[in-house]
Ligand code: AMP
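Presented as C-alpha cells, the chain that follows is alone, the form predicted alone.
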Amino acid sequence: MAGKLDRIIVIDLEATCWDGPTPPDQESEIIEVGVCMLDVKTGERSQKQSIIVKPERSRVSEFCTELTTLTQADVEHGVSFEHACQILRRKFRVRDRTWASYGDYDRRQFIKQCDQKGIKYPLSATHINVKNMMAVLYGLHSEVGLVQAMAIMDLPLEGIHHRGHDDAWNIAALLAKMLQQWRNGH
C-alpha cells in the first residue's frame, strides 16, 4: 500500500427515517453504507459498493423506502452493523486512510451506533466534510445539499439520490473536481 493519502474513501450512509418524529419504539439506524474509493492523484473513482445493513431496533418506513428505494425486505437480507464495520476495515482498510462524507451526519451516526453497540469505531480519525469544504472554498453563504453542489460544479447526478453507493460515487466526483480545480489554481 502506498501512503494513506493516495486514496480517499468516500462513504455515504442511509438510515431508517420517518416522515415526522421517530416512533417511540424505534431509533434511526444505518441500513446502507455506500463506499467509493477516490484516487487523489488521478481523480478516478473505483470500488463502488453498497453494504446493506439489517437494522435491529427499527423498521424501514414507507417514507424511508420512497427516499432510498430500500425496503424492509431488502434490509432483512443485510449484514449486521458489526459485520459491515468488518467489511470496511478488511476490504477498504478504513483505519489507514482519510475518509470523506457529505456533511457530518455520517461521522456522527457511525460514532453513535458504535457506542450503542459496543463496537470499535472502524474509521480513521481523519475525516473530510465535503459539504463544509465546498461552502468554504466556493464562498457560499451556507452549506448546500448534494444535488445543488453537483449543479454548481456542473456535474451530472448519477444513479439514485439517497442510495448510499450512488451518493458516495457522486460525492467522490464532486471532491475530485474540487481537488482538480484547487490544483489548477481555480
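This one's a predicted model, so the numbers in the text were calculated from it and none came from an experiment. In this text, residue numbers run from 1 along the sequence as written.
Separately, the form predicted together with adenosine monophosphate (AMP) exists; it is not shown, and the next lines address it.
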Review point. Using heavy atoms and a 4.5 Å limit, would one call residue 170 a contact residue for adenosine monophosphate (AMP) in the predicted complex?
Key: no
Check your understanding: Does the 4.5 Å heavy atom contact test between residue 68 and adenosine monophosphate (AMP) in the predicted complex come out positive?
Key -> yes
Point to revise | in the predicted complex, residue 63 touching adenosine monophosphate (AMP) (heavy atom, 4.5 Å) | key: yes
**Study point:** residue 13 within 4.5 Å of adenosine monophosphate (AMP) in the predicted complex, heavy atoms
**Key:** yes
**Study point:** Any residue of 91-129 that, in the predicted complex, places a heavy atom within 4.5 Å of adenosine monophosphate (AMP)
**Key:** 105
